[in-house]
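The data below hold one chain only, encoded as structure tokens and taken in the form predicted on its own.
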Amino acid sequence: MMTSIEDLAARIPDGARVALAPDYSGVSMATVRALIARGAKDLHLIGVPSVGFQGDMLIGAGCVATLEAAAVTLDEYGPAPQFNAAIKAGALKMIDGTCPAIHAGLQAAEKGIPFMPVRGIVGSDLLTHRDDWTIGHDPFDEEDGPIVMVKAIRPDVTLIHAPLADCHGNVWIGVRREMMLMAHASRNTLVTAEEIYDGDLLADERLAPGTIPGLYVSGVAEAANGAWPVGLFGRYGPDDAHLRDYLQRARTVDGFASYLDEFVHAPKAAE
């Protein structure tokens, strides 16, 4: 169960469907750097429901063939430069979703059913571009109104970073329930954790409600500051200066390459 960051990256095969949390949740940037360093290819990223810096880096490094998300956002830092460049070059397949639809697809996989009904997409032109969504009818509606059936989303791997894990593989994610859903829906869940809890998280009544049971976790690596330069809820904020430096450098091919050389291939630890 307990392993290294490099081993976690090695367990994500080329071509895998990988669910990623948004930047405001639990982002395993340490494993993302290890994935880039090992030369991962043809990944299908699933943003739950969006991706940020980790997605932009993986795309720019040539690790991604397909991105499925409701948004790609670097929030106040501006547009995602490597994502935008890949879309303009036709180097990336984009599967547009919505926040409710992505959560519904994962909920279907979590429950072991083939689809989940969603009403809010009715009338959207997204339906003309999604062959895995179909319009049906609500059998409990007297007017037989339309409803969208969203196909189950079953990731091969969920990759997250959490504040705490224990030696049993239990992982505390607090109120960030999207990570619980991701773990339930995925075939494997790989986790980096800020620290290893001395005890059983599920035996602590304060922590158990926000804990993913080890039953759903395939591997854990201890990684202090593992979300850097993105922040981690309840622990530390984003490294503003570093993220702005990334954004500036990632606007050009040479600048992005120099960033990878400095922080991935010859990594510098966060200050």
Partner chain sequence: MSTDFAPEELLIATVADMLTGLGHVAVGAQSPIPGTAALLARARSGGGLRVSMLGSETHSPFTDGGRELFDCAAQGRIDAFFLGGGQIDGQANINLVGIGDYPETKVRFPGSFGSAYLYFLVPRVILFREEHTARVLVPKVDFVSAPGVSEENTYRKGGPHALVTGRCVFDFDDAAKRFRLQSIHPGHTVDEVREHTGFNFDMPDDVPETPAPDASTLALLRGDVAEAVTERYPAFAAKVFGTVNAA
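Numbering follows the first chain given and starts at 1. Computed from a prediction, not measured in an experiment: that's the story for all the values here.
The same protein has a further form, the form predicted in complex with its partner chain, not shown here; the description that follows concerns it.
One residue of C99, A91, M149, C167 in contact with its partner chain, assessed in the model of the complex (non-hydrogen atom, 4.5 angstroms): None of the others qualify; the residue that does is C99.
Option touching its partner chain, based on a heavy atom within 4.5 Å in the model of the complex, out of A109, L201, V157, V118: Contact residue from the list: V118.
Contact test in the model of the complex: E178 vs its partner chain, heavy atoms, 4.5 Å: Yes, E178 sits close enough to its partner chain in the model of the complex that at least one of its heavy atoms falls within 4.5 Å.
is_contact(T73, its partner chain) in the model of the complex, heavy atom dist at most 4.5 Å: Taking the distances in the model of the complex, the answer for T73 is yes, it comes within 4.5 Å of its partner chain.
Proximity of D131 to its partner chain in the model of the complex, heavy atoms at 4.5 Å: No, D131 sits far enough from its partner chain in the model of the complex that none of its heavy atoms falls within 4.5 Å.
Contact test in the model of the complex: G234 vs its partner chain, heavy atoms, 4.5 Å: Residue-level check for G234: yes, a contact with its partner chain.
Options 52-60, 28-36, 217-225, 65-73; stretch whose heavy atom lies within 4.5 Å of its partner chain in the model of the complex: Within 4.5 Å of the partner lies stretch 65-73.
Candidate spot H161, R187 and T252, all three touching its partner chain in the model of the complex (heavy atom, 4.5 Å): None of them does, since no heavy atom lies within 4.5 Å of the partner.
Interface residues of 20-52 toward its partner chain, as seen in the model of the complex [heavy atoms, 4.5 Å]: Heavy-atom contacts to its partner chain in the model of the complex: only Y24.
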